[in-house]
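To begin, one chain is listed below as structure tokens, in the form predicted on its own.
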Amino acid sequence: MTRSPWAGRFAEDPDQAVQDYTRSLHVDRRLAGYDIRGSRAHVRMLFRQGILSRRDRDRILQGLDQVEEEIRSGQFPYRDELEDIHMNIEVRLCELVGEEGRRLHTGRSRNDQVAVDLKLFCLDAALGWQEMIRRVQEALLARARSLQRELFPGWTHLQAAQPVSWAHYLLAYCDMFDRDHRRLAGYRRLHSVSPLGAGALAGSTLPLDPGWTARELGFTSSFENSYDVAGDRDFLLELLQIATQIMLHASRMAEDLIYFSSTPVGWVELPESLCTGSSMMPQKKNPDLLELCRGKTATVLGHASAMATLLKGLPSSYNRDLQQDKEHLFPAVDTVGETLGILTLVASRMRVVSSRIGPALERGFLTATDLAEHLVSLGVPFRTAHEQVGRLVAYCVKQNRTLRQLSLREIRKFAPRCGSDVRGVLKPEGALDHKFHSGSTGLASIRQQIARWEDRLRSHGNGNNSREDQP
């Protein structure tokens, strides 16, 4: 049996139950590429600092290349008794190159080794999410271009409120996800700090150059305090918190579309390729993907909460509890990526059913606010206008009629300042024609929003990211 890396201190091998309980290879195998990348940079730094000979450097790097190829091709001999991917790689390296492989861990601890692997993984995940968010936004923007004049009853409290353009609605999610994109950009700037060289917690007596290693690995800087960075998992928790925010936005969009596509509403139709049926009811066409999006949001939120709980009770520096961090990180990262891919499909393929929406625009007194503001433009104080329109709505409720079904004479009984031009105000289309300020659901504003998003996404596609997107 292969001895543990601390076998010099122990006269006995770990009990089998201990080995089973402490191993993490089944989880951290996906860090193999990052571990090899960090090891290459570490070896090159040791050579630059005169700690390794050229022959040692070359032999270790050749061995790491062979290990990487074995992993890539599925030929790598994983061993559970070696606990994790880090020891598996080191032991295999020693088998391939001999004594030189035993020099790889010079000036390094598994504490800073694992930390740099996780940091690289998290930064890559953040960048990947940014790219996926942009694809969601591109799909939303494409649909918004074609739905600028299509209206639906916007709501507050799930009650009819005002007419809203579908384009305006879709662009709202562009803005929501853009906040996530910016959070990720800030995340990449904040956490582009290499932990490699911190050792177990206090650094090394060897003449290491952590700054060079940081630059070699693409980090902006190296750590400033080894004691802090050895046990730091802020970067991991923060990524899970951003993951939660992304999933909350995804879940709200999913809930909207579930409601829009429900049988009593039917304002949106999802293609059969994005739905499932029932094992019992032949007629069913269920938005299961969107329902699972809501459910998976709870799972990601649980991972973030569990990670915060894991860190809450830990003393400073490294503790083995942190081995559990990957149990929460990896599934959350996978779920966010899968969900963003699903949202891109849904945004691209859903269909707005205008014939079902038209009658709904006539119900709920959606233009009541526009009518009150029309009275304001005629010199009526807003509170007076609000009261007059409120009484007019109450009259319509008793008569079981809509505002547009009233005669001008009836309207003037409650709002005497109204003239014949009030008819244009009461049309749902007035939401597009009578709102001019930026950010509103008016057509001019929607066109401004579309132009802004076209410029932003085009710039991103050309690689000219804005400053906040840079790590």
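We number the residues from 1 along the sequence you see. Keep in mind that this is a model prediction, so the values were computed, not measured.
This next part talks about the form predicted in complex with a small molecule, which is not shown.
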Exercise. Looking at 388 to 396, 96 to 104, 164 to 172, 316 to 324, which one sits within 4.5 Å of the small molecule in the predicted complex if you count heavy atoms only?
Worked result: 316 to 324
Problem set entry | Output flag, D28, H86 and N111 jointly within 4.5 Å of the small molecule in the predicted complex, heavy atom basis | yes
For this session: Indicate whether the small molecule has at least one heavy atom within 4.5 Å of a heavy atom of S24 in the predicted complex.
Result: yes
